[in-house]
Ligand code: GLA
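Given next, in structure tokens, is a single chain: the form predicted on its own.
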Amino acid sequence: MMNKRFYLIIWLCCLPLLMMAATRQIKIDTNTLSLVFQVGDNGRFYQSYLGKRLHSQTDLSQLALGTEAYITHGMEDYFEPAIHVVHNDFNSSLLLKYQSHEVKQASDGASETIVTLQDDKYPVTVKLHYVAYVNEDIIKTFTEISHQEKKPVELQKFASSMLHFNNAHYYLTEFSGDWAEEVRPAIQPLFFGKKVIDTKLGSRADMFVSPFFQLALGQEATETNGEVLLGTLGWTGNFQFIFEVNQLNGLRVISGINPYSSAYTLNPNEVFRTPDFYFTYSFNGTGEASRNFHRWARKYQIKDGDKTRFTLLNNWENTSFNFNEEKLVSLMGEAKDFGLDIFLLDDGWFGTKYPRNDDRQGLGDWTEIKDKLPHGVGYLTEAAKQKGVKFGIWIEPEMVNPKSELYEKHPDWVIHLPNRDEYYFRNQLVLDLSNPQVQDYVYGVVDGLMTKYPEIAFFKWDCNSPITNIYSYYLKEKQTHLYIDYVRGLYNVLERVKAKYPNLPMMLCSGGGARTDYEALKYFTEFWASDNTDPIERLYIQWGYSQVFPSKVICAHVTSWNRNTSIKFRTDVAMMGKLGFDINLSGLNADEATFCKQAVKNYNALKPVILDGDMYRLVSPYEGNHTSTMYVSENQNKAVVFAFDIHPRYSEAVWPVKLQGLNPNKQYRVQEINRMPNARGGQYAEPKTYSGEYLMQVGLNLFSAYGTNSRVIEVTAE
């Protein structure tokens, strides 16, 4: 009895020390990844490890302290900080010490770790949030900043994430471009100094560079080999990624809102929440990293991620601004005849005083043009119903033409300088969404149409202008809040739309792919990847976006761009995403029309694989004159392979394409589909059977010496 009491007393005496030891190390795990932090003897918070999952507690105890996890401005660090605060007394230093942490389990399987840090001289609190999606190997991070000083403080820098690496070599892939040439990858090694990827465009923020990157560690990564971190920021506005290598070859990666012209005045007890930064860490190349993101996005992030997508016919390239009711109803009939789900009416349907017959007027005045639509949108929704298709419509509610009734009535609702000549991008200006009245107006564009015409089943929400003439009449002396409060105002509008119309699918468009982030995709079912629909260019563009986004959110349309390519080639390319048509279907010849109708049927049958399967990028268009991508169902019973010859050289040698993601022990029936009527021959025109092992080790002969040639191969387990 005495022995038991003695050991109990000893255990109780040691309990505080054991609890202290437990708080000294914080470990965040996914299936394959560990992110480990430690509290130093000085009370500060350090990142000790980021890499392949560690299981042994003995190993964890051997970890070095590492680098301070969220480095502050004004103290002893010599490089880029994560946070910069100016206090009431104009002191701009901050020293954060660990106070506590908690772990919360979410019902969706995610685990959230919240670490609370506080300054030891000023009442400033910083909470670091780490949300681990265990099965998908994704970690989401964001920061909450608050204070209890007597007066407001100024936030000059406020990162969502700071990550530290110690490797011999680093290789950064950025995805930059311009209108019609989006997401072009460029790989560069990182050496001492700082590489910054950022944007200052405000509303059309991603026009020149996309908000994601790949970071290969040790050596350049391939699709199937190498360690690579894939990261992206969920923020529909100015973003910034900083990659800084110090004198010891240590790398810090800082991600968040671009602080350019965005110093933020934070009131006492107000919480400043940064956007979410998401990352995955693959030990088997970029393909695995992409699939991690795709699975996570479909399950957790994108609107209706677990639902299918509609095919559609857009009238834009068919009619541009020149249409009437008769023409539109005729196109609805064509959409139905080709097996499509939605007819989408694009730009040019609105404006009373200033009819929208070109892009120079009418934007902001969302009433029908009587000459074009004498019976209104309601007539079109009813006509679509009679034809057996759904009706969708284009809007651009954040923008205004100076030649519009809205601008004449509310010039103070527009972002523009009071004492300068106005500068117009595409003949338009941006409405000031920091203003609650403007938020009500923009929400009212959608709500007004849906209230009046409840049969509208789809919106294409465009955003063609960056923010220029940077001044807010509403914010007055707080002009540096504009870039941030604009985006917050947009989210307020989108939250209201989603709350009232939860089942309304919407396409996110921004002069092509200038809005492509995961926060926006909470409200949109898909995004328009580029105005460039040349199928050859789309092979590269869709390859780029697939690094981060699943196929079900990447809109891909069959159009008349690059008429030198066949309708088959154009359709096969578009089938790798969310399929649509924006072409004069009545102008197709009989064989082309027959092919398209069958292709739509094939696509509908393969939607569960293409939209929800695992994507494997087999052959890159950047590595030669051919490219191939495949999709595999979760149960490995179904797959579809797309193969394209772009511009092969004369007598070029071609090699079999080795498939991926199949079950090596299963037998698969292989057959080419999407063949033109009366097409002859072809190695896989008739079904053949192979083992999964053969298909992955030996492969299929999918490429040819013919330019702009394509094949679609259906793979079915027997």
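Source: prediction; values computed, not measured. Sequential numbering from 1, following the sequence displayed.
Beyond what is shown, the protein has a form predicted in complex with the ligand; the following relates to that form.
Q: Just to confirm the contact call: exactly one of 417-425, 327-335, 523-531, 112-120 touches the ligand in the predicted bound form at a 4.5 Å heavy atom cutoff, so which is it?
A: Comparing against the ligand in the predicted bound form, the contact stretch is 523-531.
Q: Against the ligand in the predicted bound form, would Tyr616 count as a contact residue? Criterion: heavy atoms within 4.5 Å.
A: Tyr616: no, not in contact with the ligand in the predicted bound form.
Q: Can you work out whether Cys596 and the ligand are in contact in the predicted bound form, taking contact to mean some heavy atom pair no more than 4.5 Å apart?
A: Output for Cys596 is no: heavy atoms all beyond 4.5 Å of the ligand.
Q: Within a 4.5 Å heavy atom cut-off, is Phe175 in contact with the ligand in the predicted bound form?
A: No.
Q: Might Pro355 be said to contact the ligand in the predicted bound form, defining contact as any heavy atom within 4.5 Å?
A: Taking the distances in the predicted bound form, the answer for Pro355 is no, it never comes within 4.5 Å of the ligand.
Q: Taking 4.5 Å between heavy atoms as the contact cutoff, choose which of Glu537, Glu405, Glu227, Asp346 touches the ligand in the predicted bound form.
A: Spelling it out, the residue with a heavy atom inside the cut-off is Asp346.
Q: Please identify the residue among Cys509, Val126, Leu233, Val85 with any heavy atom within 4.5 Å of the ligand in the predicted bound form.
A: The option sitting close enough to the partner is Cys509.
Q: Going by heavy atoms, what in 296-319 lies within 4.5 angstroms of the ligand in the predicted bound form?
A: The stretch touches the partner through Trp316 alone.
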